[in-house]
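Okay, so we've got a single protein chain in two different forms coming up as structure tokens, structure 1 first and structure 2 after it.
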Structure 1
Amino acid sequence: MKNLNEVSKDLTADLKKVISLADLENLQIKYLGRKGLINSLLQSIKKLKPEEKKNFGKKINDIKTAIKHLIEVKQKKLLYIHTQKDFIDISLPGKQYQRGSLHLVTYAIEEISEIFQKIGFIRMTYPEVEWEYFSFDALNMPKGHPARDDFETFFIDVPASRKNGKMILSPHTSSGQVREMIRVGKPPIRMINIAKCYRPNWDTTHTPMFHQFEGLCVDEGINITHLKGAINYFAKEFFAEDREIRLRPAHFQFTEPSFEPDITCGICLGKGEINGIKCRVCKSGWLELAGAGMIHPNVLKAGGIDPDIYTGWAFGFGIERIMMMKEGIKLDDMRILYDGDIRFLEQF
């Protein structure tokens, strides 16, 4: 009996200390749990005389019911407090915020910027919404020129400017060439222009929004070997020391001569075959890397630079494209970069 009275006293004291639902749960375990006080009292019933047993058992049951009731009342109180705006339950565990990270393309942009910074190129970003003039006319593609069709373009629905033509979503970073020449004025120029570009394509190797980086170098006595040296340096820094590049003749309106730089395939390392079987990835040992060339004199003129004194080179790379070619990334569908699927993105 003495024990029973003590339990009631303890309970009153314990209940006073409860300030959270977690406390209340612990209290419930202490009194009503499998190894709780009530159960241990029930065990002691065995030791009593038969005539005492009945009375004692009833008492325990009464106390049990009372405890249950008190816990319920306390729980209701606590739950009510929880619904009040200014209640802070300091006993709750802290919120775990998920660790964020930058997008894969952002990492690539940082890496590319650093690679060119090391050889003295300054990073620029030119407009995403651009005039036709800088994307085409200034690049030796006058109105109606068929080469414009190569750069399928999104047009902005605003009145055209008499001087600069229509507004467009920049289809390539080459518009930064003439803008940079105008900004700097007098060579030397060493620029890397990294920006978003837009063309209406959607398949495994194209997204309508993508990124390019444009290299531009103008000075006295600049020639093709400098272009080749810069691309070679980039390829080894960005991909791996054992990758080689070559310049394959191509055509662009704004460069003369023009090239498409290729890089040796990272799978077969330029052999085009592995153990007598044609390489699945490249088929020839080489992968197309970018567009490039020596700047056309008309482009230098549009930038206010005398082509009789200065020469220069330019190249344009697709960032998503070269990322897909990078060791250890191996994407088979470019669109996954922009699906916003956190399960894919959080791997990087």
Structure 2
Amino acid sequence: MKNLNEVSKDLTADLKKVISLADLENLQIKYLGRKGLINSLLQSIKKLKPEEKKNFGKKINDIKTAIKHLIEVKQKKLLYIHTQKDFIDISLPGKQYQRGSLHLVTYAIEEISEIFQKIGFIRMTYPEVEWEYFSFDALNMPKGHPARDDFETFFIDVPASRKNGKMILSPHTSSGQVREMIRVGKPPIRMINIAKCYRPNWDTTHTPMFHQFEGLCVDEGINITHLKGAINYFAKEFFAEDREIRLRPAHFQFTEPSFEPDITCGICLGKGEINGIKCRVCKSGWLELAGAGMIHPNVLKAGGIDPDIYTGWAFGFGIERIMMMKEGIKLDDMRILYDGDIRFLEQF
């Protein structure tokens, strides 16, 4: 009987301490759980004399019923308080939350992918951390080529591979050309490789980290007209019908012949100046967008493709640079894309 009185006193004290539904649940387990106080008292009945068991058992059941009632009352009070605290008046105006958006470069990547998907190109992404072999050797670039100097390429301070040379941060997406040829095996191949690239440059039209997308097409009978047609198709889709494209002869180790596609500047609209001042982006009315050309036979061989049977073209566009030329953007400094200035980013 002494234990029963102590249970009643403890319950009254414990109920005063309950301030949440979680507290109430713990209290219920303490008193009514499988290993709770009430069950412990019920198990002690067997130690009593026969004439005491009936009376003791009745009192335990009365206390158990009272505990359940007190817990239910407390639960209703807590639920009422909780409901009042979270009450929503639907007649009040809603809260205004800031609306986020994708980065401008991400929008460009999605648009580029859709444009080339329409003409049967698949999208791939190859490593950002690459080997010298895929970035240079497989692309017909000899050991002494200037691009392999640490002034132009980020080298990683790890042991070189006997087969693949030093490890680098990929300077261009062109390393994906040979990887894709090896992956596919036998043409036809129609691929765009979109990835981050790294070069130690920093000015109006360069950042140390930038994005490129590589176009690759290999099949029988592929020639320069197909290359020009693909670039012209992309330019009209991505920029606008009134923007002009030109191909200038150039030299790249991995293409022969090679070209640099230019587009009329979207800042000065091809005039080369704004209000009598030379355009800070193009300086001439034209801006170089990419490197392009017919794939060199040595590159086809490195990818396991027979150059006597198959030919192909490739190009590499800088995504940030084409965004500078996007109709209506009028972005005159590439670096602002990565400055994190919310005043610029929230416009898009």
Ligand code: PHE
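Each form is matched to the other, and the largest set of C-alpha atoms that superpose within 1.5 Å is called the rigid core. Being a predicted model, the structure only gives us computed values, none of them experimental. Here, residue number means position along structure 1's sequence, counting from 1.
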query: Selected structure - the one that is the form predicted on its own; finding: 2
query: Exceeds or equals 2 Å, Cα of Thr225 between structure 1 and structure 2, core fit; finding: no
query: Met334 C-alpha moves between structure 1 and structure 2 by 2 Å or more, core aligned; finding: no
query: Trp131 C-alpha shift between structure 1 and structure 2 of 2 Å or more, rigid core reference; finding: no
query: Displacement in Å of the C-alpha of Ile267 between structure 1 and structure 2, rigid core kept as reference; finding: 6.4
query: After superposing on the core, C-alpha shift for Leu37 between structure 1 and structure 2 in angstrom; finding: 54.4
